[in-house]
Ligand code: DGI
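Single chain ahead, by itself, as structure tokens, in the form predicted alone.
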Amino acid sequence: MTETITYSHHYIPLTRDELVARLREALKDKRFNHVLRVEQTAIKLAKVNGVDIEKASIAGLCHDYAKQRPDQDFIDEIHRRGLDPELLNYGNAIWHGVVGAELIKDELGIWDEDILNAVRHHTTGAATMSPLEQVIYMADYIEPARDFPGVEKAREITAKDLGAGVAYQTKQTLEYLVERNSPVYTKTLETYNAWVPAYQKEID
């Protein structure tokens, strides 16, 4: 059952329906349906972890807002805003969160830093993450259509302890990247060092 939130806290100058319509224009069907599922998962996680459900709805919907932009859009934005030039060594997997948050400010009028950080860090994580950031990080990973080795364990761990879920996802992600000889973004390593040792008993 889909839970629809009525926006009343002015985190965004749009209603939920207007935001969904903007996402419908920005995303292809598969990605659009994914963000709707992430929103619903985020709302559920928010309720049990004392997180503002309106923020969870907005961040869940917006986390992939920029996912299907051309690479050049991100490269131009990195230069225009003077963002960390290290970003140029990566691609869409990193850009759509870190750089996408800047596009969300301009195009959707969202200026709440907690929501923006939840979008920025939903792929990379961060050494310090607010409860909302943790909710979006995990909702993206465990939404109902996700199907990969370890996802059920991720769901079980997250249901018991949100922070342990963050640690588990981060460990799995790092292992995945290392196995494929892929570059590891600096912030992902920082996330690993901050979260995985702290929760090693819960995720083994």
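Residue indices: 1-based, along the sequence shown. Remember, predicted model here, so these are calculated numbers, not experimental data.
From this point on, the text means the form predicted together with the ligand, which you will not see here.
Student: I need the one stretch from 22 to 30, 156 to 164, 40 to 48, 138 to 146 whose residues put non-hydrogen atoms within 4.5 angstroms of the ligand in the model of the complex.
Tutor: Looking at the other structure, the answer is 138 to 146.
Student: Would you classify T123 as touching the ligand in the model of the complex, given a 4.5 Å non-hydrogen atom cut-off?
Tutor: Although the ligand is absent here, T123 would touch it in the model of the complex, with heavy atoms inside 4.5 Å.
Student: Would you check, heavy atoms only and a 4.5 Å threshold, whether P183 touches the ligand in the model of the complex?
Tutor: Result yes; P183 sits at the interface with the ligand in the model of the complex.
Student: Indicate whether the ligand has at least one heavy atom within 4.5 Å of a heavy atom of A127 in the model of the complex.
Tutor: A127: no, not in contact with the ligand in the model of the complex.
Student: Whether I53 contacts the ligand in the model of the complex should be assessed with a 4.5 Å heavy atom distance threshold; does it?
Tutor: Judged by the heavy-atom cut-off of 4.5 Å, I53 is well away from the ligand in the model of the complex.
Student: Kindly confirm or deny that I94, T173 and T188 each have some heavy atom within 4.5 angstroms of the ligand in the model of the complex.
Tutor: Checked in the model of the complex: all three residues contact the ligand.
Student: Residue by residue through 52 to 74, which ones have a non-hydrogen atom no more than 4.5 angstroms from the ligand in the model of the complex?
Tutor: The stretch 52 to 74, when checked against the ligand in the model of the complex, contributes H63, D64, K67 at the 4.5 Å heavy-atom cut-off.
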